[in-house]
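Next up: just one chain, as structure tokens, the form predicted alone.
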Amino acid sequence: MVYDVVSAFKEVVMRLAGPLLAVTMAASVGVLAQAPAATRAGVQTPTFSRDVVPILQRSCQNCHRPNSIAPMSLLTYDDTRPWARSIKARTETREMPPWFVDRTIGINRFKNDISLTDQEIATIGKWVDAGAPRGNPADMPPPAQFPDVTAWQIPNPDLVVTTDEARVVPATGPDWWGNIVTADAVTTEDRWIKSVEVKPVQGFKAVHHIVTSIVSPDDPRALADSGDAGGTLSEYSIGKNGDAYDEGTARLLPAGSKINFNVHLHSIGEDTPVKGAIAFHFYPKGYQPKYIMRAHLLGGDTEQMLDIPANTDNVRLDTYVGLAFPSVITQFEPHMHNRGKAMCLEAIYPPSKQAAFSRNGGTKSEILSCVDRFNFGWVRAYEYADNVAPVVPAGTILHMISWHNNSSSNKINYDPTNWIGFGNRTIDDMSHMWLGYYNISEEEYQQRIAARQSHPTEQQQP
């Protein structure tokens, strides 16, 4: 582990609870010395055409293509060859692709996992060590098909809502953040949301984040997370993907609602017009979902709670929230700024009636997931696979633990000599986690737990 505090925390948790259990490759261009075509007799050397391209297509090219967010294209051999050493280095350290879930603890199956397997990393390393051979062009798979970089990533949006007018960010000046509410209602009838995505459609380089929320006609003050059908919808940060809800699970966009865009903008050296937008994909009209998706912001984003002394590493913050009903947690999304280091989500379970009278009774806890190398440049929502998504009983306490590094060992720390607290500016910091979950009945909770216990191999890590 890269930090002693979390390593120790893991060991304690594993003893007590047991297991429940891309993409910026910026580096200098170098000349790669050619090596023999095969490392030893009988061993086939990986080639770009046969072995490396399928890996790039799955986990890299979505960002590493012309006009996308990565600084270089990795579509062709000629594009990729100058970056071979960098690709090997960044994949071996798991800096790329940008997937920062700790693979040694908690749940490690996710719907949107773009990380590489150990075998894929080894294949890239062997290819580079062999001189990065092109191989037979006939072995190349068909080119991967990607949507236009300006297109929405959620499927077939039914409604796109933009801010009414562009806000010009001056070339120089302080950060700006505020609420921009649409002038008119965006729907005249109730609609159930199946997926939602937020992004800048103009001036994305000047956007720190956009958080969208529903302004219900019944509660026009609802500009923040209510934890219910209204409130916070979805967030845009660099690297953030959209939110797709499980089948039968939905959020309600009530008739007459407006959309609030809570926007944080910063100057980039030139006057920059910025517009934000949100796209919705709905269930069919008349549809009634089985579950209502809920959003919750868990964390310590207050001046009193976030206290990061100067020249200090592993500054820990703990925050808690209780769940009144049995629930299924569908995703988590850590959020900190440049001093953010790591974040874990723990479930503290209520004692059962049997445990309360047993010799070893008492409360049990379990680490659900950790991000052990938080990267502010890639704020991701991690979507649990259906068969391992945490199913927790009523009375569960969710415990978020975050660590910050305000020392000189943090390469992107602006100034380790300053105390840091909560603030909206990039040079300040934050500590919160977006959670997606839905409630289920006690009967369904018991059924789901029984089903998992009857198929324990499905819960094992791959």
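The numbering used is simple: start at 1 and walk along the sequence shown. Note that the structure is predicted; figures quoted are calculated from it, not measured.
Here the subject shifts to the form predicted in complex with heme C (HEC), a form of this protein not shown in this document.
Among residues of the shown chain, F280 is not one whose heavy atoms approach heme C (HEC) to within 4.5 Å in the predicted bound form.
By the criterion of a heavy atom within 4.5 Å, T249 is excluded from the residues contacting heme C (HEC) in the predicted bound form. Although the partner is absent here, F261 sits far enough away that none of its heavy atoms falls within 4.5 Å of heme C (HEC) in the predicted bound form. Heme C (HEC) is not drawn, but in the predicted bound form it has a heavy atom within 4.5 Å of W378. Considering heme C (HEC) in the predicted bound form, the lone stretch of 432-440, 54-62, 411-419, 397-405 in range is 54-62 [heavy atom distance within 4.5 Å]. Comment: heme C (HEC) is not present in this chain, but in the predicted bound form one of H266, R90, R109, K126 has a heavy atom within 4.5 Å of it, namely R90. Of the listed positions (L323, A130, L74, V101), a single one reaches within 4.5 angstroms of heme C (HEC) by any non-hydrogen atom in the predicted bound form, namely L74.
Contact check at 4.5 Å (heavy atoms) against heme C (HEC) in the predicted bound form: none of T330, C344 and L368 pass. For the stretch 93-120, the set of residues having any non-hydrogen atom within 4.5 angstroms of heme C (HEC) in the predicted bound form comprises M96, P97, P98, I114, L116, in sequence order.
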